[in-house]
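First, one chain by itself in structure tokens, the form predicted on its own.
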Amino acid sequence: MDFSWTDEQLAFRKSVIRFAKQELTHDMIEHDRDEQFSWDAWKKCAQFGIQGLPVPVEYGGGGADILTTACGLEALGYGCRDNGLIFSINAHMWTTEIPFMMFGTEEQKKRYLPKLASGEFVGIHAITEPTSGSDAFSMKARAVRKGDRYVINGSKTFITNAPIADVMIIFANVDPTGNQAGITGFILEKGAPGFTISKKLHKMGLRTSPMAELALVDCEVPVENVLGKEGSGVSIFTTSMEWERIAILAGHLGAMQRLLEICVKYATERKQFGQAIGKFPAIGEKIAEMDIRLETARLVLYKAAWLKSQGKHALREAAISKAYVSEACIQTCLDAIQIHGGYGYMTEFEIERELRDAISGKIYSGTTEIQKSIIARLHGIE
């Protein structure tokens, strides 16, 4: 395995960092406090080509492989302090673009992928329900075929980008007994009759990424808006999750690198007891551990991406990456706060926000416990 970047990828990485630092880091304290999604930043990222990275060129995207996409997202995480924006971009890419790319008809691809890649459309998928989180396939949402349409009833929760979405992939079960073989993905557009945003949700972190509950009451969907085919919902979800669990935390690598550099600078400049605090073994040890975690996190994430780029299944490696990187980022945030002492706890230093944003990484895209369960199951432990 060779994880070294080509000259082209290195140039791309530098350009993303430069762009992010110049365009995406303004007024973050206020945006976080007010739970404000930045449309300006979203549009700038789209113009730069971020949202379209994994989308094939023929559908208006950048045609980047998963390694190059992860490289770009890591650079974005390093240069941009708006973790909520990065999270919304990831949700858009992995839960909407990938399903259309992998399961959409040619007509569906031509209709939606160019708008998703350009950022004109914001995409979401909706599978989580109030009573089915980790047990996602036990959903209660039902779809009943009536002639040339399906009628969907149900509710969804914790749906990222829901308040700003233009196109949605809604998962519902066509099997009245609830057998997961009946789970199907349906394409809805904003304003569809019977579909409403029922409640905006307020979060501990990632506050600049909007989230809401959805309600579907006798929502009619044309038969041609089935994604894939009837009963392919589980395949759609698991396929998109493999991509997502590999790449969604690439931005965490960039944030961990940024925090490491901030801490090194602070430890050399901040003096206590007549010397720089970095000279105290306890501080030096924390900085060393931050570096070890960063290097290890990079290795596990890019190994999973490399396997995927080779056309191999990376279920185990994706689970390892998701579990390790999410936990490692949280510990790095905790160390950064501790190194900065009281200042690290203050809003104005913008480190406490990094911790609040990182904690959700243990939960979304499958909890750490679910990732460990997947790994154990692949070793024959049920």
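So that there is no doubt, residue numbering starts at 1 and follows the sequence shown. Treat the numbers as computed from the prediction; the structure is a model and nothing was measured.
Form predicted together with a small molecule: not shown, discussed below.
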query	finding
Answer option from 310, 275, 238, 134, heavy atom within 4.5 Å of the small molecule in the predicted complex	134
Heavy atom within 4.5 Å of the small molecule in the predicted complex - residue from 221, 167, 267, 159	159
Distance check, residue 364 to the small molecule in the predicted complex, heavy atom within 4.5 Å	yes
Interface membership of residue 249, the small molecule in the predicted complex, 4.5 Å heavy atom rule	no
Interface membership of residue 360, the small molecule in the predicted complex, 4.5 Å heavy atom rule	yes
4.5 Å heavy atom contact, residue 173 and the small molecule in the predicted complex	no
Options 182-190, 227-235, 126-134, 253-261; stretch whose heavy atom lies within 4.5 Å of the small molecule in the predicted complex	126-134
Triple contact flag 66, 243 and 295 to the small molecule in the predicted complex, non-hydrogen atom at 4.5 angstroms	no
